[in-house]
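So this first bit is one chain, no partners, the form predicted on its own, shown in structure tokens.
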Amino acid sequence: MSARLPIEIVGGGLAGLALGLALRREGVPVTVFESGDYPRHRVCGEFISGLGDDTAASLGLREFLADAWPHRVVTYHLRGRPLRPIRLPAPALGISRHTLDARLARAFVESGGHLRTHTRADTSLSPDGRVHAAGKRRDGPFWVGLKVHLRNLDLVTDFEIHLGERCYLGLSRVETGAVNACGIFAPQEHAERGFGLLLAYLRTAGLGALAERLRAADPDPGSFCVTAAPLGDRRIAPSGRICIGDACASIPPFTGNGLAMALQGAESAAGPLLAYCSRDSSWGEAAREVASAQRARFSRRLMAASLIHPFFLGTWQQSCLAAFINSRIVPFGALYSVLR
């Protein structure tokens, strides 16, 4: 039996590491290129909605998610006013990227994978055997993302989403019991830095009471991080190259579905790549099969999320959203089912 063809993965986030680990378990030589290192905090809701136990089982991820905090009920707040609680169709998982990325990276290396941290690969090149798992689109408008972990903060329900002036912020627990506060905001100039910057953004967005509530908690300074990026992307990468995770498409953060999509993308790519590595198909055939699987799996939810997302950021749209939630006109439990 001939040796399996090797795979290179550019990007060591959830998608890249999960795919690399799945391929290593099948004996495929895999190298992952990652510009950063582990463990690391990232601007992320750390809320996995709609993953599905079949995907976790297919990728062998159950052990890595075993201590994730279960979330069953979401409550939206419009400028401090709580709306009707919404029960999720299936429990979501709360787990920090600091923990999950490090677990997967360690397991990948222990499986015999080659992890090259602090290394950037040329993403303009796409030879056979290279999978792209990093790189969001770079056309604007750009928004600011802020995240920090907080201790000693009580929540109304498992997951809170607070709507403010051109912003929204989520609060949910991760596996340590800490609350992850993560939000997106229209860019502004503020003198504050670190945790104070998040509070300043909240006050400017009309969420002063929420800022005071968070200020009374105990922040973990090392967990604070900030980024600037566009929000959501309907694009499904063309079939000329294999792209997973954010390199394939990104969904608006309010869905809590971004991490699930990263892992589902890895699942969709694993089979076609294994066929290529076993010389049962060409690279072009594998790329077309992966792109087709991702279009079938993600196109509907990307379209639905892009249509709904403006209702989370505009003032009058937020008022409409609040009215819909409280009147039960919109079955939001069914909405979360669509975004899976």
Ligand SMILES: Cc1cc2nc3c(=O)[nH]c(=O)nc-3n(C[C@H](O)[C@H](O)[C@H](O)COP(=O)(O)OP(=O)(O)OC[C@H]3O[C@@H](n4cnc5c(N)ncnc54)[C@H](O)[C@@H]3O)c2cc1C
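Source: prediction; values computed, not measured. Numbering starts at 1 and runs along the sequence shown.
A second form of this protein, the form predicted together with the ligand, is not displayed here; the remarks below concern that form.
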query: Heavy atom contact within 4.5 Å of the ligand in the predicted bound form, the stretch among 254-262, 199-207, 83-91, 105-113; finding: 254-262
query: Contact of E267 with the ligand in the predicted bound form (heavy atom, 4.5 Å); finding: no
query: 4.5 angstroms heavy atom contact with the ligand in the predicted bound form for L321; finding: no
query: Non-hydrogen atom contact R42 with the ligand in the predicted bound form at 4.5 angstroms; finding: yes
query: Heavy atom of G36 within 4.5 Å of the ligand in the predicted bound form; finding: yes
query: Selected contact from R97, H71, H149, H77, since only one has a non-hydrogen atom within 4.5 angstroms of the ligand in the predicted bound form; finding: R97
query: In the predicted bound form, residues of 114-133 near the ligand [heavy atom within 4.5 Å]; finding: T119, R120, A121, T123, A133
